[in-house]
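First, one chain by itself: the form predicted on its own, in structure tokens.
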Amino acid sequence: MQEFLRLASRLADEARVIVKQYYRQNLDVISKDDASPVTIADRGVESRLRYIIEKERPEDGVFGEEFGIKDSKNGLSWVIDPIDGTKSFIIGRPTFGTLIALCKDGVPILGVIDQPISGERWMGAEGLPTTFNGHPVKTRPCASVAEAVSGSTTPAMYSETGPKYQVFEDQGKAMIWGGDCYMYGLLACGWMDIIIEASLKPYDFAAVVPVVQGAGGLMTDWQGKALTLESSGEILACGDRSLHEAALKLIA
């Protein structure tokens, strides 16, 4: 695992260099088929990371947001979202991040959330405590939804599922909108309690699973099942594992 962590850290370092080059610059923005935006920074980061992985670990698979899937020959696959939160990146708001995950047989075993502008990096790996800039972090206890600070990216992601977030907004202490992957880092550090999301892709959530769970939290789908690359993208993350059970009941 230490070998994988070193490579993941190096990949995040490489991504930082490219992202900083384009941050708060006038960039052409392209709309993809799903209407989500992409820039030269997104594609530049993913191209560079794929090159390094394919050179150093040619048997590993790669699943990237921009350039698709290279099949694994050994059960290991790297999952990359070069800029999670491209809209925030485009407007110069530093709540986006680079996501890098390593999955074994489709299950996330290592994850990195890297915010290149603020210099913040969370790293989680199976069997190891999550770190924030090299120091272990823990989620905080939270006894009930009424005491919880919840978060989600946008109400628009619930167009097919209905507003499952509403109960947390109505019954919780606060509901925070926006933040993309950055929210999961805040949850791992004990600043938030619940994150609920829908319509995510594997590259949106694979990296954050080891980060949340290595800090003491729990992250599953809306049925309470462990997340894999085959999961539907309906996500519930809680810093307090006992809170997770209560939250699942409210979603149901």
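Throughout, we count residues from 1 along the sequence that is shown. On a predicted model such as this, the values are computed, not experimentally measured, just so you know.
FYI, the form predicted in complex with another copy of the chain isn't displayed, but the following is about it.
- When contacts are judged by a 4.5 Å heavy atom cut-off, T95 counts as touching another copy of the chain in the predicted complex.
- Using a 4.5 angstroms threshold between heavy atoms, M219 stays clear of another copy of the chain in the predicted complex.
- Another copy of the chain in the predicted complex is approached by Y182, whose closest heavy atom lies within 4.5 angstroms of it.
- Although the partner is absent from this view, G178 contacts another copy of the chain in the predicted complex, with a non-hydrogen atom inside 4.5 angstroms.
- Contact with another copy of the chain, judged by heavy atoms within 4.5 Å in the predicted complex, is confined among 99-107, 123-131, 147-155, 75-83 to 147-155.
- Shown without its partner, this chain lists L200, V38, V62, L186 as candidates; in the predicted complex, only L186 has a non-hydrogen atom within 4.5 angstroms of another copy of the chain.
- Contact annotation: of the candidates M192, I196, L49, V212, the single residue with a non-hydrogen atom within 4.5 angstroms of another copy of the chain in the predicted complex is M192.
- The three marked residues, R24, I91 and A174, each reach another copy of the chain in the predicted complex, with a heavy atom inside 4.5 Å.
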